[in-house]
Ligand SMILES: Cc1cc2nc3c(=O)[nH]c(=O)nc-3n(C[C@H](O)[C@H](O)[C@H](O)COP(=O)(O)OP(=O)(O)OC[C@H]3O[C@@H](n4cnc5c(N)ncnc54)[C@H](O)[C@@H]3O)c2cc1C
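The chain below stands alone and is given in structure tokens; this is the form predicted on its own.
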């Protein structure tokens, strides 16, 4: 019987499993899908620039503090995962360009600038000449005045999600974690106020009961369905995000490009692959791509990189982000069970927040005071209660 059972085999679940297993505890991970089919595998892997000094002071919001806490851990995890597994996860502080090409995105960037100032994030306003110098491939867009406003953020970072997930999985296995792919949770068994087992079935409808001492639900967009079995109402809406992949010569584009608020972006990998994203669509649990969205993303890229127009994409995919009514993740104890925790609702920031979430959950499960308070992310937080009541 494992000390800890984790429901969810994406970046959050695997990060928690690795951390807890590293503390000498036995762990089992129950995943409804294989790694390649997970929402985490479909992620883009952008880590927005953060201040490089201390955690945000009392003026910073709880989610901003969690983001900075997680951001600082990623470089440590990258090094330790490489040493442990030999897998390079593609973590690279390549910097980004925040660009506005429309009136609407100019307003969005101006709002972002106020936030960067408040959080002490390094940023620099760019003249047209500066932009061409930093990113020569954008010279044509500068000449034709496609770019109305631009900033350079040197500390923006990227990671390659499939590689990071492979490293996490390898590390988990080397630490003795049992990973059960393709297992659907049917229900939970209780003894008084404690969960004692999870009843599952695999893809062949073979039942299995998995007993444990502690349990954590980290099932992304599917968490709401599981929590209903525990008499907990926590809306966790799936939001579809689509990504288009092109292949260019390495080094053609050097920096991440975020348009406006950052919903639309281009991410150059060091091997020449170019990711173009993304969408926010209320499509239920449909993770397919659509021609209209892919065409829109390609059009955005072609406005500043005309060479993309002459190429056919090499691939496209979609993932389902787990959203929450108040935009905050839910991290902490499950109130209906004395030995259960929850980590879900990270929306577009699951990869970025995975390290901090893993440490906070692991500390809590081990009875250690957490570095950041979890009240703001609890199932009982006031903002969530208010929004949940308003939907009834």
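Numbering follows the first chain given and starts at 1. Owing to the predicted nature of the structure, the values given are computational and were not obtained by experimental measurement.
We do not show the form predicted in complex with this ligand, though everything after this point is about it.
Trainee: Quick check on this chain: which one of 362, 70, 38, 324 has a heavy atom within 4.5 Å of this ligand in the predicted bound form?
Mentor: It is 38 that has a heavy atom within 4.5 Å of the partner.
Trainee: Since exactly one of 210, 230, 185, 94 fits, which has a heavy atom within 4.5 Å of this ligand in the predicted bound form?
Mentor: For this set of options, the contacting one is 185.
Trainee: Given that this ligand is not shown alongside this chain, does residue 17 nevertheless sit within 4.5 Å of it in the predicted bound form, heavy atom to heavy atom?
Mentor: No - in the predicted bound form, heavy atoms of residue 17 and this ligand never come within 4.5 Å of each other.
Trainee: Even though the partner isn't displayed, in the predicted bound form is residue 64 close enough to this ligand, meaning a heavy atom within 4.5 Å?
Mentor: Result no; residue 64 lies far from this ligand in the predicted bound form.
Trainee: Is residue 265 a contact residue for this ligand in the predicted bound form, using a 4.5 Å heavy atom cut-off?
Mentor: Close contact exists here: in the predicted bound form, residue 265 approaches this ligand to within 4.5 Å, heavy atoms only.
Trainee: So, residue 340 and this ligand: in the predicted bound form, are they within 4.5 Å at any heavy atom pair?
Mentor: Residue 340: no contact with this ligand in the predicted bound form.
Trainee: Among the candidate stretches 78 to 86, 130 to 138, 177 to 185, 286 to 294, which one is within 4.5 Å of this ligand in the predicted bound form when only heavy atoms are counted?
Mentor: Selected range: 177 to 185.
Trainee: Out of 14 to 45, which residues reach within 4.5 Å of this ligand in the predicted bound form, heavy atoms considered?
Mentor: If the 4.5 Å heavy-atom criterion is applied to this ligand in the predicted bound form, 14 to 45 yields 30, 31, 32, 33, 38, 39, 40, 42, 43, 44, 45.
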